[in-house]
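There is one chain below, alone, in structure tokens, taken in the form predicted alone.
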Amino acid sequence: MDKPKQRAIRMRPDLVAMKGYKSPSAPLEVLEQELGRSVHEIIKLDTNENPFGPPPKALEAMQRLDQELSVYPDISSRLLRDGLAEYVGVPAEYILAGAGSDDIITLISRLFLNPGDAIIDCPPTFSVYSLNADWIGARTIKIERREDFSIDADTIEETAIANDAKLLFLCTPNNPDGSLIPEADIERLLELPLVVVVDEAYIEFTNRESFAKRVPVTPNLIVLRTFSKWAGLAGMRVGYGVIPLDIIEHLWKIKQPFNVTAASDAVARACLEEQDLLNEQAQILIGEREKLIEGMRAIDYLDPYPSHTNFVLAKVTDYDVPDIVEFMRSQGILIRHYDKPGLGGYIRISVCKPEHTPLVLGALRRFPHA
């Protein structure tokens, strides 16, 4: 048999060389096999999911899906956007729904960036901002956060102007530390000649009003929100952006036609009918967050940071982080650690149900004596 002809395969060398995004965790079915424990015995605290899961009406909406799954979903998610307009407090025409807020980040990057253009990123923060720039061949200019994870607004201003940056991404509360960017800093940075993308994935766990209502009167402000954290829909992938009209009209042109599935749309709309329950659960998680912080402060090798999210970041002293993570894993408790520059000595723990907080703290206290 003749050998197949050699053909030129010309992939972009920068994409071939990049690392890409790697999930820090595994699906529950895989974890069952790896840990030798049932799903009900695993306390999964490594990816900031809502431990309460979707509310009852969301599950009921899933059960009612029959013929809807055999037809294409609404290309513009009209009913969902109408519900979000009431929830967020802006007209529906300012809202674009997506397959998670990651989807909206991709669309924004695609609309604004050419190869070689610059974005401003403030690490440590959500890695998807710079990842999207890499996909396009744009430059990510990193303005590192200070030791307390606050942003350096002076340097951001100088750098953005000097490099003619197109986009500035600000995660507030920030992942991975849970800190809020002062409103005055955001307002100051909105004076820059670029688009400021404010990612409010964890806003429901704060007492701060969303920046979303400012979008209609702020032409360079985009606000990102998600159902993954507050509503317990991480597996359904539903996010949305609140976006000025002059920008959103072009995002409509480049989004995938059916980027929100019929199931995701129905379940997200059901969650909007359960706001009282979801807000009550958020308050429970806020209470458990403070218990977790207080308990971690009493453990001599941990120094937790204040948080406005559903997770807590803690600096580790005297011990190797991978050893702590592996010990917790042996107890059926999954927590997050990082191999990124500047975060190697930290662990991040998602807030759990009240009955699990003592188990998590107890395991952390046992670690040095294991």
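Residue indices: 1-based, along the sequence shown. None of these values were measured; they are calculated from a predicted model.
The discussion below concerns the form predicted together with a small molecule, not included here.
Stretch 97-105 is the contacting one of 134-142, 82-90, 264-272, 97-105, since its residues have non-hydrogen atoms within 4.5 Å of the small molecule in the predicted complex. Remark: I243 does not count among the residues lining the small molecule in the predicted complex, judged by a heavy atom distance of 4.5 Å or less. In the predicted complex, K229 approaches the small molecule with a heavy atom inside 4.5 Å. Contact check for N175: a non-hydrogen atom falls within 4.5 Å of the small molecule in the predicted complex. In the predicted complex, the small molecule sits beyond 4.5 Å of every heavy atom of F169. When contacts are defined as a non-hydrogen atom within 4.5 Å, none of I181, F211 and H308 contacts the small molecule in the predicted complex. Only one of L189, A165, I247, A201 lies close to the small molecule in the predicted complex, with a heavy atom inside 4.5 Å, and it is A201.
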